[in-house]
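Presented below, as structure tokens, is a lone chain in the form predicted on its own.
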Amino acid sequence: MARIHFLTSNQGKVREAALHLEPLGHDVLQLHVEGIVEPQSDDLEAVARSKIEQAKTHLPSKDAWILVEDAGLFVRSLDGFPGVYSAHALNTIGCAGLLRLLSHLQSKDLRVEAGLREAEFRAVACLRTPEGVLVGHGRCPGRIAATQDGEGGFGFDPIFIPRDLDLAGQPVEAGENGEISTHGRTFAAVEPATKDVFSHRARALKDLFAQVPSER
């Protein structure tokens, strides 16, 4: 298979990618490049493609494979904020600040609260190969927790509870119980292998690598 240079400064993202791609035979290496400019765009794919163009001169060869993944947390009651600006929001207001923005949206009825605090992670994974750029998309619907929970994960993981899944691995409706569940725990409170079952990044990578020719 291929040696893939993953452009990210986040070791957590590298571990998640390796968890999904190494069983497919791919070798995932971290590529850290200083000075990558975050484009001002409200589109995750445009951001990822821009980063690939900026980083390709830092590859060991012109035919080397490079992977860029961009993700965001989109909160419905905040009109999609922080979205593509999730990294900036995390570095400024953090998880605690986002919880404060939603502190008035609570209900004793779990179904109602799930709707009031509805959110989803979205991810775009772009892979540059000698033949061109492939793009995969993934999403994980869920809700924002009332308080932070767990010490694992990264980013907004301590405040995000994914929707349950059915036996086919598809999200059920908000507030409903599915056969696969974190039982109300956040991404930061479950094991990495459990998170991977729900993960928007895992789904984006799966979508992406389904497009890679099998002979590679």
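Note that this is a predicted model, so its numbers are computed, not measured. When you see a residue number, it is the position in the sequence shown, counting from 1.
Just so it is clear, the following notes concern the form predicted together with a small molecule, a form of the same protein that is not shown.
The small molecule in the model of the complex is approached by Lys13, whose closest heavy atom lies within 4.5 angstroms of it.
When contacts are judged by a 4.5 Å heavy atom cut-off, Gly150 does not count as touching the small molecule in the model of the complex. Though the partner is left out of this view, Arg163 does not reach within 4.5 Å of the small molecule in the model of the complex, counting heavy atoms only.
Proximity of Val133 to the small molecule in the model of the complex: non-hydrogen atoms within 4.5 Å are absent; the residue sits far from the partner. No residue in the set His5, Trp65 and Phe209 has a non-hydrogen atom no more than 4.5 Å from the small molecule in the model of the complex. Picking from 141-149, 97-105, 125-133, 80-88 the stretch near the small molecule in the model of the complex, with a 4.5 Å limit on heavy atoms, gives 80-88.
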